[in-house]
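Given next, in structure tokens, is a single chain: the form predicted alone.
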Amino acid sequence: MTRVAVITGASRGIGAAAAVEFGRLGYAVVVNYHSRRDAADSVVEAVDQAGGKGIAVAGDMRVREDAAGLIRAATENFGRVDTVVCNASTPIKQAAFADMPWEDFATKVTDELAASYHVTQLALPVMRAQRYGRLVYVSSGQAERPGAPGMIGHGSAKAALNTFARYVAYEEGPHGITANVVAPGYVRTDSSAAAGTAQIEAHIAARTPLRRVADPLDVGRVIAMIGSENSGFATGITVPVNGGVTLAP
């Protein structure tokens, strides 16, 4: 039997790294993307080269019909859904609380939850029928403590996601389904590198026991571990992937 992983927001960054790691484990991987089909196709090729079997499926996970299409693509192509990784990102509008309009704050929280809510709910009937499922939610260390000025919307949205995941874990455990959170700290990506964050990265690395910042593969490997058969009795937990930076005073 070939296990099947569905990964939202998988055309780049953490999602792409996780997709390739599941490929290394021999999974069939459904690579969801929003607009960059060329990038998604590159990830599919990398999944295939790693030993898995990938397909690319477009969709905005905030839209229930798109989420339904993603789960349908997995079942029609591969017959099952073993793992769902909710990684699709939603726009961040940085602003101090005193200056943030309610509409911006509410949109961030609502979009963050919608991007996980629909695909989770739609995958559950398949997982329940299998008596097996792994749900992984990509959150942020900023859900636990402020990491930068102006990130109150992002941090609040991710904190809500963490609570959502714990409730899913509690309710779905009797059906053989686990739900866990992976919470990265700062991760070096193409977008962060282009923004010229060398000084920020140096500061974070100096405060991190491992003396560097994360790259997407660091997080992708943890996602694959938590989302695989090797993690069968861990549920409702949040795994920080931050090099130990929160240990620093």
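In this text, residue numbers run from 1 along the sequence as written. What you are looking at is a predicted structure, and each value in this text was computed from that prediction instead of being measured.
Only in words, not in the display: the form predicted together with a small molecule, which the text now covers.
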Only one of 98-106, 76-84, 134-142, 117-125 sits within 4.5 Å of the small molecule in the model of the complex by heavy atom distance, namely 134-142
Looking in the model of the complex, any heavy atom of residue 33 within 4.5 Å of the small molecule? yes
So in the model of the complex, is the small molecule close enough to residue 59 to count as touching (4.5 Å, heavy atoms)? yes
Counting only non-hydrogen atoms and a 4.5 angstroms cut-off, does residue 14 reach the small molecule in the model of the complex? yes
Please determine whether residue 185 contacts the small molecule in the model of the complex, using a 4.5 Å cut-off between heavy atoms. yes
What is the one choice in 130, 89, 94, 156 with a heavy atom within 4.5 Å of the small molecule in the model of the complex? 89
